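As structure tokens, one chain now follows by itself in the form predicted alone.
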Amino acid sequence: MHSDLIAAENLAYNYQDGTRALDGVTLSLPHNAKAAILGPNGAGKSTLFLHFNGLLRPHSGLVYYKGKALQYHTKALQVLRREVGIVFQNPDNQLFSSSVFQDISFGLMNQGCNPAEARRRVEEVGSKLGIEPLFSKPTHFLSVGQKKMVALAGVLVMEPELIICDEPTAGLDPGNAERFMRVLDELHRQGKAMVISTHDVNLAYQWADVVWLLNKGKVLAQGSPVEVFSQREVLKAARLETPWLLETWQEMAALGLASPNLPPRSKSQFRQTLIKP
């Protein structure tokens, strides 16, 4: 019995061309935690996400949600996909209705939600994300940042417990990337668990509670950001760099200019480690 919110146990999956996308993946996410998964392209990150809400079924191994192994019949998958929502890297793969309002409400209406209740939930989420002015606009006229917010809204109206975002900041300018991550932080404070994939080691180091490193379908490391990003050889194998905050602190601690006791996770914590002359 798994006590974590979601877990993978010896997960294996091959694509039709024989590519081994997942090769014995075992990892877990505690309730209300924030996890970042990193690795080079082709590491298996997106494939793992599709297993988390039953869009793919493993060739061997198991996925557990709230302690129970996933079931793949229609009713069980409908329940799972309400509770585990995915925002894809490319929002154009997720948006298809003629207007923003219709797109956000699609999942609710497809599951037989009362129209008045669907409107209430769409308007509530739209207000929370600041996208109400977009409701009547065609989705294909939106900017990338707007499309990502609309895709997130379509997930949030289902009131999931776990939100998965595949490369949430990809294609966004720094301002919109920061805004999107602030929204995720607020959702986390409201009790949502989060998993993101990213190539940004600095984002993962400062944001996540748990870090997973994947390469060629295998888990190279998992643990706290400090534990994972302190493993230089593992980072090299995953073709990743040490986060600048951790690397700078390590160098200054070696020179006696910073306290060596507690690696900082933020700029403010870094300043507190500095040893004054």
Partner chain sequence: MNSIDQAAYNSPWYLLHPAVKLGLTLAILVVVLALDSRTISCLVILAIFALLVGKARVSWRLYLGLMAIPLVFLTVGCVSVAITNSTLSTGIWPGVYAGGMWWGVSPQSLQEAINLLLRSLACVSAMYLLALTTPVVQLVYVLRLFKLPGVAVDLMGLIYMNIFIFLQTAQDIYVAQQSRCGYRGFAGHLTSLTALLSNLFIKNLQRSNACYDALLARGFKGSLQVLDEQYIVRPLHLALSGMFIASLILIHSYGGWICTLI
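Think of the rigid core as the biggest set of C-alphas that the two forms share within 1.5 Å after superposition. Positions refer to the first chain, counted from 1. Predicted model, so just to flag it, every value in this text is computed and none were measured.
If you look for the form predicted together with its partner chain, you will not find it shown, but the lines that follow are about it.
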Handout entry: Segment that reaches its partner chain in the predicted bound form - one of 98 to 106, 170 to 178, 186 to 194, 200 to 208, heavy atoms within 4.5 Å
Key = 98 to 106
Problem - Of 55, 234, 69, 226, the one that lies within 4.5 Å of its partner chain in the predicted bound form (heavy atoms) - result: 55
Exercise for the section: Would you please decide whether residue 162 lies within 4.5 angstroms of its partner chain in the predicted bound form, comparing each non-hydrogen atom pair? Expected result: no
Practice task
Answer yes if any heavy atom of residue 137 is within 4.5 Å of a heavy atom of its partner chain in the predicted bound form; otherwise answer no.
Solution key: yes
Exercise for the section: Spell out, yes or no, whether the shortest heavy atom distance between residue 78 and its partner chain in the predicted bound form is within 4.5 Å. Expected result: yes
Practice task
Using a 4.5 Å heavy atom cut-off, state whether residue 92 contacts its partner chain in the predicted bound form.
Solution key: yes
Problem - Residues of stretch 170 to 184 in contact with its partner chain in the predicted bound form (4.5 Å, non-hydrogen atom) - result: none
Practice task
Take the rigid core as the frame of reference and indicate whether the C-alpha of residue 74 shifts by 2 Å or more between this form and the one not shown.
Solution key: no
Handout entry: Core-aligned CA displacement of residue 137 at least 2 Å between this form and the one not shown
Key = yes
